[in-house]
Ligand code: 6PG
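Just the one chain here, laid out as structure tokens, in the form predicted on its own.
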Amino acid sequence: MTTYSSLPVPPMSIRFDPAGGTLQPEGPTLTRRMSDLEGLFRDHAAWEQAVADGDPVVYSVVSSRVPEVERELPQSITTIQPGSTAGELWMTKGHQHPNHQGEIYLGISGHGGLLMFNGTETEWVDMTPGTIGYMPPGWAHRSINVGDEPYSFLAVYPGGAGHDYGWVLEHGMGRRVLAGETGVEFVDYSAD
């Protein structure tokens, strides 16, 4: 089992394999299945059916060995599988940083998007390989696969920022992202 490095973290090189979505040396890996995304999809019955039909893996996060602690800059590669549940495109849980700090994502492969919400405004950044998406402090963020192949991105974030997933469940993300006939379609978060 891979783990985080002990403090103090020594200088190191970290290699990533864009095709495989891996980091070396590898830290912890997190796998999120449909059952882990309860309360996030607008159609609860479709979500329940997806769980009953095999509980597919929606995304995975491969972390480096840099720990999520104050003053460190952890990195991870997230890979979101293509798919939709009742038309709503597959996504990460989304989170807000309790200790408001900025973060960057670098698109590695596939086609995705970065949905951000500050409680009032919603912003969208289209993500393709080579695109850097910047999340300013105070903006909740969620990544979404808008293509028909796995979408991967590298995240670099302040280790002491924390992850508040409950904020998104309580406040939403302002908009939902659906598979439209000619691309993505945005609808109000509370629309049926």
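Being a predicted model, the structure only gives us computed values, none of them experimental. Heads up: residue numbers just count along the shown sequence, starting at 1.
The same protein has a further form, the form predicted together with 6-phosphogluconic acid (6PG), not shown here; the description that follows concerns it.
Every residue in the set His97, Glu103 and His141 has a non-hydrogen atom no more than 4.5 Å from 6-phosphogluconic acid (6PG) in the model of the complex. Although the partner is absent here, Tyr59 is a contact residue: one of its heavy atoms lies within 4.5 angstroms of 6-phosphogluconic acid (6PG) in the model of the complex. Contact between Ala155 and 6-phosphogluconic acid (6PG) in the model of the complex is found at the 4.5 Å heavy atom cutoff. Looking at Trp124, you'd find every heavy atom of it more than 4.5 angstroms from 6-phosphogluconic acid (6PG) in the model of the complex. Of the heavy atoms in Thr85, none are within 4.5 Å of 6-phosphogluconic acid (6PG) in the model of the complex. Along 159-181, a non-hydrogen atom within 4.5 Å of 6-phosphogluconic acid (6PG) in the model of the complex is carried by His163, Tyr165, in order along the sequence.
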